[in-house]
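The form predicted on its own is given below as one chain in structure tokens.
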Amino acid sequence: MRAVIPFKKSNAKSRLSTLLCESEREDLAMSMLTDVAGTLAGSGCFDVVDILSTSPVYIENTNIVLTEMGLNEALNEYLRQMSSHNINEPVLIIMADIPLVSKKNIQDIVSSRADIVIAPGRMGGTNTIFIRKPQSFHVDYYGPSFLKHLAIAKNLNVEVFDSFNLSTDIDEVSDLAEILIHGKGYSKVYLERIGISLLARKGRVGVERL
């Protein structure tokens, strides 16, 4: 069984630019990637963890697969290469910006008997897909990708994996509060190190920079 994490470091997480400069956003992206990759490795589920990256990076216990393609093109080429090399093992595609993912989340997903397991993100996105037979599926991210992936898998046995941890992708400044509240890894340590802390505003929790 293998896992693949698509990753882009250059000018990462541009919607956080009101709080973090470019180098800080890139460092946070690397911290989240480290959290996700570490969880995959620690789950004990995978023989191979590949990072499909647009630039060279180093994360322990992973392989780096460099690509200049966009997200859909790179992942579909990855799946095609698996098929062309007769690699028929299941594959987990997981986004690099969901640092709250737990080992149990991963173990529960890969233990499913479904052909496809989809963990949706917020607002119609797709944060994780487990594909039992890679040759039977292709991805189509952006927009309401959760609905698109359900349509692609219409003739397959599909399970929707509903998880707070896996639905919490970090895109907006307000999302950083979730890392500070629930996080346990490098991402939380990094935010605290650069002075990001929780801020209560009339019953809602946000973040501020000290």
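The first residue of the shown sequence is 1; numbering continues from there. Quick caveat, the model's predicted, so the values are computed rather than measured.
Same protein, other form: the form predicted in complex with another copy of the chain, not shown, and the subject of what follows.
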{"item": "G124, L147 and R204 each touching another copy of the chain in the predicted complex (heavy atom, 4.5 Å)", "value": "yes"}
{"item": "Answer range among 22-30, 58-66, 41-49, 162-170 for contact with another copy of the chain, defined in the predicted complex as heavy atoms within 4.5 Å", "value": "162-170"}
{"item": "Proximity of L198 to another copy of the chain in the predicted complex, heavy atoms at 4.5 Å", "value": "yes"}
{"item": "4.5 Å heavy atom contact, N157 to another copy of the chain in the predicted complex", "value": "no"}
{"item": "Partner contact for R15 in the predicted complex: another copy of the chain, 4.5 angstroms, heavy atom", "value": "yes"}
{"item": "Partner contact for P134 in the predicted complex: another copy of the chain, 4.5 angstroms, heavy atom", "value": "no"}
{"item": "Sequence-ordered list of residues in 167-188 near another copy of the chain in the predicted complex, where near means a heavy atom within 4.5 Å", "value": "S167, S174, A177, E178, I181, H182"}
